[in-house]
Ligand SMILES: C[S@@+](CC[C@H](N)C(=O)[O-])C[C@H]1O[C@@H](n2cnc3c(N)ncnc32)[C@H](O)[C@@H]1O
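The chain below stands alone and is given in structure tokens; this is the form predicted alone.
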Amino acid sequence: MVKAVRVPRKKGEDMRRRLSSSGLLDEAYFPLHDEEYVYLPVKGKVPRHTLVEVDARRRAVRKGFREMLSGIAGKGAGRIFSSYDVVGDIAVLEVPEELKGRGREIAEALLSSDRKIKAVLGKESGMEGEYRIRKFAFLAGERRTETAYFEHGVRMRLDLAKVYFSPRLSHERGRIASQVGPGENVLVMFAGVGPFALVVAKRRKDAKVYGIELNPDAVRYFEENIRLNRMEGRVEAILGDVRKVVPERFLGVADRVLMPLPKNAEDFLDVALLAAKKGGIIHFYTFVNRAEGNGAAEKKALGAGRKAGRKIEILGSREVRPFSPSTVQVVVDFRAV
């Protein structure tokens, strides 16, 4: 018998991704399911989830990446394993400075442990510039940065060297899409290649979704992704600065505004409030000190409301993901009255 997280079947894939990215998924065992639930084997405790015991079947698989990584990186293995992402068939690793000389060996271990991965990149910088783009080094596999990514029934093409993209927001995209009501006008600020916009449109076919993005390369991929998913006429990709586009086209017309900017989104709360109609809902993402908690993020929303002369009704807030030992990303859902 092994411990497992029990989740409704429709949320199973999202939970699997979250557990895998955090290193909590026990990949030595196959998941189980019945008519209502999926049971995902886990290692240790999972915050805010009840564990059950299941009779899961052990996988007969090749030596796993975590095991191989432990032999190469020693104590640094945990940091590498918890920070790596897979986007389509490309894996992105964050190799600590003291292990840079073994980066290729680590990447080759990952390639040999997962046949789905065709290329491995190493992070060479943080997010830089107004387009929030990261520099990469080729570590192993095919020398490319373009890939196709699939989530929530949506297929997206993107180039990791030209656009910002985070697979770790997959759960958030599904969560918000499930809240969109019939016939809503949805505005996505900082839309990137369209992940939030496309997932909303996939879930709610009668919604009209607009995405504004400053990066021309991201808009080009966004437009391609609209065509790939046959969403022409329902989703519009708009190249431009939200501070210019919103006053020109979206004053008080949005039923829902999404703000998935990785950093400094609070600087644009005034723009989101301009776009939101009376009673419109805004999803605001921000980084806060872990010790201050969600309340610090809610204060930012309430302060922006006071400056704009609008009453803010907090609907809820939650931690989205850790960013560093002292910093977390939080989302605040609020209504602008």
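Each residue number is its position in the shown sequence, starting from 1. The model shown is predicted, which means the values in this text are computed figures rather than measured ones.
As for the form predicted together with the ligand, it is not shown, yet the points below apply to it.
Between 214-222, 103-111, 198-206, 147-155, the stretch whose residues reach within 4.5 angstroms of the ligand in the model of the complex through a non-hydrogen atom is 214-222.
Among the residues E97, E248, E232, E130, the one placing a heavy atom within 4.5 Å of the ligand in the model of the complex is E130. The contact with the ligand in the model of the complex, taken as any heavy atom within 4.5 Å, belongs to L261 out of L93, L261, A177, V87.
When contacts are judged by a 4.5 Å heavy atom cut-off, G240 counts as touching the ligand in the model of the complex. Residue contact check for L121: none of its heavy atoms lie within 4.5 Å of the ligand in the model of the complex. Although the partner is absent here, A191 sits close enough that one of its heavy atoms falls within 4.5 Å of the ligand in the model of the complex. Residue contact check for R256: none of its heavy atoms lie within 4.5 Å of the ligand in the model of the complex. If you check the ligand in the model of the complex, you find a heavy atom from every one of L169, R173 and F268 within 4.5 Å.
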